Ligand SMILES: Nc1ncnc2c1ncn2[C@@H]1O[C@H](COP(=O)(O)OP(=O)(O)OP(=O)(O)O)[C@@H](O)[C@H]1O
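Quick setup: one chain, the form predicted on its own, written in structure tokens, and binding and motion questions come after.
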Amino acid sequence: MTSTILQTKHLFKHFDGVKAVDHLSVSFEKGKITSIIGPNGSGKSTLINLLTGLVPLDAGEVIIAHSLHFTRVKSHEVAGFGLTRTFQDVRLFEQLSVLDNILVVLTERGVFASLFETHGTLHLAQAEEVLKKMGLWEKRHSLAINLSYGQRKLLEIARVLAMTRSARTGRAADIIFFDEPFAGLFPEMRKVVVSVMKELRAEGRTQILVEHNMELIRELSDEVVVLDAGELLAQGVPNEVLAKREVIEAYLGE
């Protein structure tokens, strides 16, 4: 039995007269991996940015777990709603070590206060767990700015993983947005991310994935949402949705 954990009602956003998201109503099921696909400019990243407060809504409503309704989302508040995300352009604390990038997420204090905190055994053990899982433990004392592109993406995902272990914002992350997490990764790194996403699903976390690699979408997705010109074109299980003629025409250009 499934239950809706996140939904939008008539979500609308335009930029200079262009409708990026056009009165979109869509729902996401708890504990599932839902992939959002569509041609370039279809509104995929805009939708994630709206749901995580990076850009303001023009109209519409967001509902979390049937009870929390809002028409305005602020980026500094979303963690308190149990949401976290990655970015296409990786965003880290560049001048902090790999380990400190994780400890900042785990600590109960703010960024600067956390640097002077004596971290307890639990925080250090949690940081070690996620860094080993992402293959970054040996890099723990390196500055984030000195990592390779792929390692930086893995560190950002490690921070997301740490958010699912931490209640520093009042609740651990239940809903995770992955915005093209596999882009630019070597095959072995992709395997690590796939493993983490499957583990998060097994824990009951809800994941919303923007991705272009159809092989990964078929492997990971429980559901697929297809957007076209900011509107919902199709939604359902991958094999059925990806076989639809309108999806093939819009997404694959056939």
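Here the structure is a predicted model, which means the values were calculated and not measured. Note that residue numbering begins at 1 and tracks the sequence as displayed.
The next section is about a form of this same protein that is not shown, the form predicted together with this ligand.
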Answer with yes or no whether Gly41 is in contact with this ligand in the predicted bound form, where contact means some heavy atom within 4.5 Å.
yes
My question is simply whether His212 lines the interface with this ligand in the predicted bound form - judged by any non-hydrogen atom within 4.5 Å.
yes
Using 4.5 Å between non-hydrogen atoms, is Val18 touching this ligand in the predicted bound form?
yes
Closest heavy atom of Thr164 to this ligand in the predicted bound form, within 4.5 Å or not?
no
Of the residues Thr52, Ser221, Thr206, Thr46, which one places a heavy atom within 4.5 Å of this ligand in the predicted bound form?
Thr46
Please determine, with the chain shown alone, which of 32 to 40, 193 to 201, 213 to 221, 59 to 67 has non-hydrogen atoms within 4.5 Å of this ligand in the predicted bound form.
32 to 40
Go through 69 to 102 residue by residue and record those having a heavy atom within 4.5 Å of this ligand in the predicted bound form; state none if no residue qualifies.
Gln88
